[in-house]
Every structure is written in structure tokens, then in C-alpha cells.
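Below, in C-alpha cells: the form predicted on its own, a single chain.
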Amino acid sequence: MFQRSAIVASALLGLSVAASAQAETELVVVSWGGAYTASQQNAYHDPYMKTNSDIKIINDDSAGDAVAKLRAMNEAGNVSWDLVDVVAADAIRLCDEGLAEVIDHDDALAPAPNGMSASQDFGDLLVSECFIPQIVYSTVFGYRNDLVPEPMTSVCDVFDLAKFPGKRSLEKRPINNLEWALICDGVDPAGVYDALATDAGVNRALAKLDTIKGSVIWWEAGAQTPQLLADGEVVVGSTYNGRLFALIEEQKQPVSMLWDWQVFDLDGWIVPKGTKNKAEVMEYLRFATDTQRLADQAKYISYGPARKSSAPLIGKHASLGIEMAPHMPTDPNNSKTTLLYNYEFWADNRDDIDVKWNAWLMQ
């Protein structure tokens, strides 16, 4: 009798363990990898999983291909992602194409500590009804200060192979590259997007990029330029300012920031249409986008939180102990010349310009 009871108890225990394992929900969260995903892991994922043991967050670093992959998943009727980190222009495209869920920001997201609604707290950064902004960041250049004859002070130094010889790294997409090319070809920064709206303007930008094309290593993931700089394979390269912060301040590499004509942009979340875990994702999002969590992310990476209420809570780096405010792209010393990324322009024109860009790359 005892033996039979033990067998039954063991079987019940096994069923209990199995049920517990089945109860765990895995959320596939797509982001950019490297220092940025690490900042999300520290500020959002780990604290959430600590208090929600039934949730396991799986990181996927495919954000750079999010639009194409979500289109393919939707066409196949098999959406395997639960939450996707995208730039604002891609959020607008995905929303327009019906590939992202519409979010009632005030219903879905936590208010500010003072009771201000989420929509008021995020303000103008809510550029799409499907988009939940996390950070203001910039795409900027870093250069090896030990491999150049003198400090680089202008973004146009990137196009000066005679004065600053060596390889460059540029992102393998038209965004930002075309803007910088036009500025350095003499176009008034205020007229850059008017120029890019014409075939002549795009051709002019590509012609300027032709002058350095043979010296370019193209990158597709934000972690690549920091590695190329650290290895000395390039003397200057574009990437996100937070990646360069990690390279300079955490890794102590001989790299300096070139803030001239940094491009301000927004990055945030969309919930893909068709996710099988929408309820769980929305619970996570309410936590991950509240005032404190967005401020916490700034302890690990130098991106400005998207909520107004988070800004006063920015303090020191979690491990370095340095004040983070001076390392933000919005700091007055860093933002003397800035280009505001035109979300609507790229949402409307990206596909057409991509065709020209890809044809140019193949030449």
C-alpha cells in the first residue's frame, strides 16, 4: 500500500512539475543587441522576471530587419515574435501596414508619479498610435584618437580621405548617410529632406558617398562599429551614441565622440499583430515603460528617456559612478549641431529610396 501511494505521489508530483513548466510563458523580445539590449536586460527584463516567475524573456537581436521579417511572418501566418524594438519611422510603416497593434496609451501604460497621463508624459514623441517610445538617441560618429593626425571636429571629416586616411564604417542603409552626404556637399541642413524628395537630390548624395565608398566597411548591427573601432579596423565609424559611450567609458578604448550633426531619433516598442501572448506582453509593457524603469535604463546607457517625468530621475551610471546627464545626446555641449530625423519622410519614401540605394551598393 505504501509503495502504491508513493508511486501515485511521485506521479502527481511529476504532473505538478510538468504543469508548472507549461505555465511558464516565453516572450520573444526583439531588440538591437550589444550594450543596448544589456541596458534593457538590466533595467526591464531582469526586474520583471524576478517578480513574475512565470515569464521568461528571450532576447532576439534582429531589430535591424524587423520590417522585412514581420512582413514575411504575417504573410506566412506565423508570428513568432512578441515585442519588437524599432525606430519611429519603422513603427509608422508597420502601423500603416497593419502589422502592429494599435495601443491605447493612457489605458495600457502607467501614468506618471504625479498622475499625469501617459500620453501627456510622452507628449510629441507618440508619433504613431502603435508606437511606445523608450528613448531619444542619436546616430553619431566615433573615431580612434590614436589613429588620426588631429582631432576630428566636423562630420565632413569623414569624407576627407586625404586628411584622415583609413577605413570608415557606415550603416548599410540610406538613412543618415544620405543626410550627411548632402550636408557635406553643401546643402543647407534645413533643406536636406526637400533635396532627398527628388531624384536629383538622392543622386547627389550617392555621388558624394561615391568619394569614400571604396574605404567603407558596411555595418548592419549596432555592435559592429564599436568592435571595428576597438580592433583598429576603421579609424572612424557611425553608430548609436550609447554604443560609443560603452566603448569609451566602460571599455576605456582610445576613441572620441564626434557629435557634429548627430541625428536625433526615437526608439521604442511595437506589439506585432498576431502575437500569441498579447495579454502577457501588455502587462510587461506597462512595467517596462513606466517612469522609473525608463530612468533606470539611463543608468546603463547614455540615451535620454522618452517620458518627461523620467528626466529628473537620471543619476549616475550603475557601475562607473559617473553622472550620466553630460553623456546624453541632448546635453547642450553635445547638441550644438543636430539634425532631427524626419520620421514621416522616411516612412513615406524608404521603400523607393531603398531600391536606389541597393542598386548603388551593387555598382
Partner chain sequence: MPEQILSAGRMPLKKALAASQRKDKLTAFLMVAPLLAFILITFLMPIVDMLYRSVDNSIVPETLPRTVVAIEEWNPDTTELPSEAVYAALHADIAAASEQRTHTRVGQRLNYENPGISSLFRSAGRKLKTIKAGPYKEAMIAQDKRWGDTDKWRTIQTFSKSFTWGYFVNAFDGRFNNAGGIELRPENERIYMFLMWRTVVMSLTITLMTLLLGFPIAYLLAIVPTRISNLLIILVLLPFWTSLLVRTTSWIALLQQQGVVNDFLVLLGLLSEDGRLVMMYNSTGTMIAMTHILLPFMVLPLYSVMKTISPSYMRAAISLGAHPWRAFWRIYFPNTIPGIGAGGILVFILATGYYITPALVGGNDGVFISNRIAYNISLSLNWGLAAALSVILLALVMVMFIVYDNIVGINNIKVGS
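Numbering follows the first chain given and starts at 1. Bear in mind the structure is a predicted one, so any value in this text is a computation, not a measurement.
Not on display, but discussed next: the form predicted in complex with the partner chain.
In the model of the complex, the partner chain lies within 4.5 Å of some heavy atom of V355. The partner chain is not shown here, but in the model of the complex it comes within 4.5 Å of a heavy atom of A347. At least one heavy atom of E129 is located within 4.5 Å of the partner chain in the model of the complex. Contact check for I58: no non-hydrogen atom falls within 4.5 Å of the partner chain in the model of the complex. For the options A306, L27, V67, A43, the one in contact with the partner chain in the model of the complex, meaning a heavy atom within 4.5 Å, is V67.
Among D146, D124, D107, E220, the residue placing a heavy atom within 4.5 Å of the partner chain in the model of the complex is E220.
Contact with the partner chain, judged by heavy atoms within 4.5 Å in the model of the complex, is confined among 148-156, 253-261, 70-78, 115-123 to 70-78. Residues D194, D267 and K299 are none of them found to lie within 4.5 Å of the partner chain in the model of the complex, as judged by heavy atom distances. Looking at 301-326, no residue comes within 4.5 Å of the partner chain in the model of the complex, counting any heavy atom.
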